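As a starting point, one isolated chain is supplied in structure tokens, in the form predicted alone.
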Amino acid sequence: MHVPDGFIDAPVSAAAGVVAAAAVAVSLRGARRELAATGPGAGTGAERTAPLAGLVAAFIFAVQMLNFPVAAGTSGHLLGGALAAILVGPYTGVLCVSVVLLMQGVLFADGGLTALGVNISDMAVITTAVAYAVFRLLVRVLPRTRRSVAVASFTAALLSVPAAAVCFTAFYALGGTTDVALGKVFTAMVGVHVLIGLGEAVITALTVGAVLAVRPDLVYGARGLTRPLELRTSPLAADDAPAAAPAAPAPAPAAPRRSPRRLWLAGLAAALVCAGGLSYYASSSPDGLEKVAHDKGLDTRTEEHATADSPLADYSVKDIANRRLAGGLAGVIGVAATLAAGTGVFVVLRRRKAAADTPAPAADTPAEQH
């Protein structure tokens, strides 16, 4: 659903850029709490969110290269807002998808640069906000089990995609550059993106379920769902022993810290396989927005991308004749660049929050005068 330059006029694109910048600024503040294990939802695993958040951004970039067929002549791909919000938190999730969109627009000429604000508002902010709201609502009413988390993930992701389609329709209503009936745009966009949402839901539920199976402590949306075990004495022992004042319960031993390195390496390997190998077999059909734009005439004023001559434009390394090698190498470069950019942002946020929370040393007391 990457909106190119020319679909939305300049004033609305600029206004969307202001909205996106404000949302990113708010997310930067919220992500500091999520990455620093403070605030609602914090707990075991929060201190390890920063490197995993960079990996989530890289993984979303990689899976977005895997377009899957949804109807005759139409394909879809992961948007990633739901997946990011559930794995690393809603504010951090907005930043993850924003980093992906920035890398795609600058390096791969995917999504217009003047439309970057529209794309961030639509694909990062709306999908993450809607998905996480639905997810939190469902985990409150469903049984506290891993299966419930997977069901909530599926439903949240499913609803987030047509919500993004509605958001695009609103932008088009305000600043569309072509004269196409709004009802036609709404019906076509929501219809095809409900189908794409099914693919998004499957990918999200499977990924969240896989992480839950091996490291549930690293899933932001699942924190607090597992109650600690309680140690109880036998009633027979109480009958034999003399009555005594109840002793204060001993503090539960701290759970041993487990490094997320294995999960990080497995996730990176999966991202590289998706971007560097499986992307060659992705559907070549236009995605939902491209198909609707072509069929309804929304693309008559599309402008050439500012980085159309980029060495990595269209996810292919220029001057490499072998199509599979050119696409695979571009995917690997994209994963590496997104991982580096995302991890850098989140590590800086984590350190700034830690520095802000460190109390300043007390001033030395002046020595006594003799």
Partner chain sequence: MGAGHAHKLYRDGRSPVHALPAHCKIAAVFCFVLVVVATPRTAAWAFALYAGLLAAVAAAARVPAGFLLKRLLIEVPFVAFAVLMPFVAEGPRTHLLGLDLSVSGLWGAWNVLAKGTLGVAASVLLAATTELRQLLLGLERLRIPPLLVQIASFMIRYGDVLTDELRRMRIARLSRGFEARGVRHWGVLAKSAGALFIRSYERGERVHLAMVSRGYTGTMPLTDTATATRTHWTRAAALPLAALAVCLLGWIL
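Think of the rigid core as the biggest set of C-alphas that the two forms share within 1.5 Å after superposition. Numbering follows the first chain given and starts at 1. These numbers come from a predicted model, not from an experiment.
The same protein also has a form predicted together with the partner chain, omitted here; what follows describes it.
Shown alone here, V214 lies within 4.5 Å of the partner chain in the predicted complex, counting heavy atoms only. Among heavy atoms of G105, some come within 4.5 Å of the partner chain in the predicted complex. In the predicted complex, at least one heavy atom of V24 sits within 4.5 Å of a heavy atom of the partner chain. In the predicted complex, V18 stays away from the partner chain, with no heavy atom inside 4.5 Å.
From the list 112-120, 157-165, 126-134, 143-151, the contact stretch for the partner chain in the predicted complex under a 4.5 Å heavy atom rule is 112-120. In the predicted complex, every residue of the candidate spot (I8, M65 and L206) has a heavy atom lying within 4.5 Å of the partner chain. Residues A53, G54, L55, V56, A57, A58, F59, F61, A62, V63, M65, L66, N67, F68, P69, V70 of 53-70 are found to place at least one heavy atom within 4.5 Å of the partner chain in the predicted complex.
The Cα position of S27 differs by less than 2 Å between this form and the one not shown after fitting on the rigid core.
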